[in-house]
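Taking the form predicted alone, here's one chain by itself in structure tokens.
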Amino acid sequence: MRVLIVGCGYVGLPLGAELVRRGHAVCGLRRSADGAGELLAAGVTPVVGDVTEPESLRALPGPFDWVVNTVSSSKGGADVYRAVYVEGTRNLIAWLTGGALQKFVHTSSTSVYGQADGGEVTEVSETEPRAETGKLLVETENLLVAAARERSFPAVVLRVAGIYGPGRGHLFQQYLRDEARISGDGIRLLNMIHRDDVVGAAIAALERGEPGRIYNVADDEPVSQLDFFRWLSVQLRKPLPPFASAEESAGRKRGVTNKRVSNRRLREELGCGLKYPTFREGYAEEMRRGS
């Protein structure tokens, strides 16, 4: 297959490398030529373009059989989310509709779920996030699902939990720097997924995903923040981080969710097994790597 990975960065680059290993011809799209060497080293052909600029997409060396959108907002606010996700996705749909495309995989986020009661959420649960950025992710998903239904656009949406892996994992990195704080009583659930398993899920979606379908990409075991730190404390022989002050907790409370994300559809419909089924296996590997 001829594959285009849009936003070929933290997830897209190892995804591209694995697809190349499997015999596919892969192009990696970035907004500039910076870092082209690392793409070439992985066997990925660097191409330059911007999803917010339709003319740059039309200049790409297509056609492509598979497209994976792993574009990032680079931690921007609502304006950036609207430009990159909503308008960028609209531009991709317009550019790719009517061509040779066989599958389009879009990486969204489990932040579309606004539930805070600690209950299980599945792909049919309500998506009513309080944060404006979360609402824009829902709007983007709706664009793709509508295109699949109305235009036979072969879109599959992956709602990805908090990604960790080499050099990545917010709470873990904070703990290593002795900057972590336990929020509230520590019972809020964390839903995580190792980067390598995001790669595996994207490939499963390319090969077997049903257009118009949404799949949660999370590991098998949500864990409370307190239990996560307890486990790290034992593994690293470090004391637990302190609890956040009332002022700190109050400042973080707005928009905080607490839910248990189910990956049942990913496992049962896509047959996607996880290399790191829980945070324990994944973070044990990162500790061995010295992340």
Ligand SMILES: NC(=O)c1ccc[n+]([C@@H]2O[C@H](COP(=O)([O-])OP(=O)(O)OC[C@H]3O[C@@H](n4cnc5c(N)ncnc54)[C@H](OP(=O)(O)O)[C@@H]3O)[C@@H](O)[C@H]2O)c1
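In this text, residue numbers run from 1 along the sequence as written. Since we're looking at a predicted model, the values are computed, not measured.
Absent from the display: the form predicted together with the named molecule. The rest refers to it.
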**Asked** So in the predicted bound form, does Ser125 come within 4.5 Å of the named molecule, heavy atom to heavy atom?
**Response** no
**Item:** Contact flag, Leu274 vs the named molecule in the predicted bound form, heavy atom cut 4.5 Å
**Value:** no
**Prompt:** Quick one: is Val138 in contact with the named molecule in the predicted bound form, heavy atoms, 4.5 Å cut-off?
**Reply:** no
**Prompt:** Counting only non-hydrogen atoms and a 4.5 angstroms cut-off, does Ser262 reach the named molecule in the predicted bound form?
**Reply:** no
**Message:** Only one of these stretches, 177 to 185, 204 to 212, 159 to 167, 142 to 150, has heavy atoms within 4.5 Å of the named molecule in the predicted bound form; which one is it?
**Reply:** 159 to 167
**Request:** Consider the chain as shown here, without its partner, and state which of Thr133, Asn91, Gln115, Ser109 has a heavy atom within 4.5 Å of the named molecule in the predicted bound form.
**Result:** Ser109
**Asked** Leu232, Val67, Leu266, Leu29: which sits within 4.5 Å of the named molecule in the predicted bound form by any heavy atom?
**Response** Leu29
**Fill in**
Within 84 to 104, the residues having any heavy atom within 4.5 Å of the named molecule in the predicted bound form are Val84, Tyr85
